[in-house]
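Okay, so we've got the same protein chain twice, two forms, each given alone as structure tokens, structure 1 and structure 2.
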Structure 1
């Protein structure tokens, strides 16, 4: 499908490639600053030798259209337009640099980029391995689903009503009392945070969280102009701290009390009660991000939401960590006025979530397929956790510490020495190994890695950890 040089042309391959690249630059597709694909990728796309690609690139560099930057690749130069013609093009770079939303942190952009490639060993990915996804059963359930026209039209603002009813029932087992009107279907928990940021908080609001924090690796609140403030739930002056930093501003407390991301920690019941009582007194709403709950290995735990008698807790759930991230289905449980407000904004943002995905999730939960799948999944994750812990025990005991996993995906590995910096990240990436370094969850952290046993195969985990160990010993 992609363009290739043709053997019917009167031009040589390398001349055709030069013309094609000039056209891309001229048309604005490869604007100033665009990083062009690697020689290897281009050689594959064009079905030519790398030397042919190199010849073409050299010519364009000599013309001043392209430029190599040491160690980071080949880029379209900022004089390329003048070289080609004296034409006017929008200055996209200027547009982007001055726009509202923050770019992802560079390490996270690299993670997003390299997660696309099959040859990469992913030691930190917060996602189920392809072999753990119930692909065949999902395919089977597609065959069983009956669509009606209503279910493929625009969904009602709060989402598919059947799914909301099914969820009410499902969440009861977790001590959460709700009615369908208290549930908003969203495209994953991240979108829930986005909606809360723009729909419930004024600019300059204070977001309290504990670090390390998943929130430090994403920016829904920061991009909406909120201030992040780190507090620790066990600090004896927690209430005072919240009061002082909140002052007269609006605020919200974000937490992942069950199988925390990235630490894997479960809060004690006492800690939950304490936080709830303090926040209630100070009228600080709480976001309970509970997307890992189903993955507790041995027993369930009471949610903060189940303690909530005052409509204080906004509860987030999702099937992305358990069934399939590709469905893009999550939910918010909240008081009705909150649900109505967020539904109104969701309608203004994307007119609702995929109706098809909502049907599938309702089908899986209501038929018990989901519960059965979860049983099996927990078993497999537990085995994977044991596998990785065994390697750690044998090889990392002298240089690092960690807690035994109680569920979910992660082990928050702490190195005794502060060796986890961007250089280590890039060094491993150079060996096709991708890690999630602690500093993306807590700026300045140089001790931790969020290891995930959910994604890579056991052989890959072994190989990846071995390479990591060699690097660490080398430090």
Structure 2
């Protein structure tokens, strides 16, 4: 029996005819070049008026599925399959382009991609080398940890209570007085920034930060509709500048006062006090990103949070830079209402950080394993920093400047000439050498490279810097 449109359908007759014809083409019954029946034949078959058939044919022609050939009739076009494929699949490009999260800069996308390949020499990676990770000790500690059913289930909204109590004791060494209810366990400091962006600030809020800045290489605030504004912490008109750009908008000040990423700079105590007092007066909360402080080579520095008596500072810590990035454990120290709010959002996002990872971190900090590991790690990083600085002194002194590293992972290398561009980045990448160019931290920076001595082997560092030197000498 030949098909006919049904009066019981929610679709009109011409819409049913269009769908039927599309099915004939999609199923292959009407292949490319097939001549379809005349309007009169189709009207008789469908038991409808010819005007209804004409309307259906006009729509299919407009969609590119059919075409008329003068004097010959109507045929299935040679692009009909592509048209149908595009119409049946979601337009993912449109979805992606209209999404709220801002894409990474192309250079950062390449860095993220090529960091996965073993043959790449990673001169800029902000991560510990596998040989610096305490793999054997972590494996042994798994045998020492006692687990019960509750400890490996879903974490409570704020995180493992034992870990939060352990952190309270640990943070006292940094001059930070806290209670477990003031700590939220997060999956690394980056998640902390994401939670703050969507949980504490309205669209259009102002995010103050220094330049160059880690924030320029990630986009949690920009994607949430925030306005980024750079300031100089030691500018004599800092208070006036903050007030002018803040106006009546919500705002927050992001900073890395200890071993800044990417520069490695440490703030002076007076600079911390000055910023804290200004922000307190203007009611601008401060995010203190303190994930590198345990890697200071020779001394500790007081935190901004240790100056805080009014809940002005949101303090971020993590073991990603010191123990293992794969554990994905960090923390926020903040007033209780803030922790409650961010914990609620975190539960909506991932239902808590890894329960097993939290148990591991609690065990390492409480037993002293963590502190012993840090002593050894600092010594190894200090030796690596000396190694790379020796190469720079012998080979780069005439073309670049830098400051001696005080800890952490990085040396902020500044070339005398503006040679750090996408071409240099790609030329090195073609030689299997990956750098972090300054322009990903400060738009337009063509002088700097963030060199890391934490990941590549000493032999790779030597090889990579030699290739960099050759390229620079040809510029």
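Positions refer to the first chain, counted from 1. If you're wondering where the values come from, they're calculated on a predicted model, not measured in any experiment. Rigid core (definition): largest C-alpha set, two forms, superposition within 1.5 Å.
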Exercise. Give me a 1 or a 2 for the form predicted together with another copy of the chain.
Key: 1
Practice problem: Please check if residue 72 moves between the two structures, taking a CA shift of 2 Å or more relative to the superposed core as movement. | Solution: yes
Quiz item: When you overlay the rigid core, is the Cα of residue 19 off by 2 Å or more between the two structures?
Solution: yes
Quiz item: By the 2 angstroms cut-off, has the C-alpha of residue 59 moved between the two structures once the rigid core is superposed?
Solution: yes
Quiz prompt | Per-residue C-alpha deviation between the two structures [residue 28; rigid core superposition; Å] | solution = 19.2
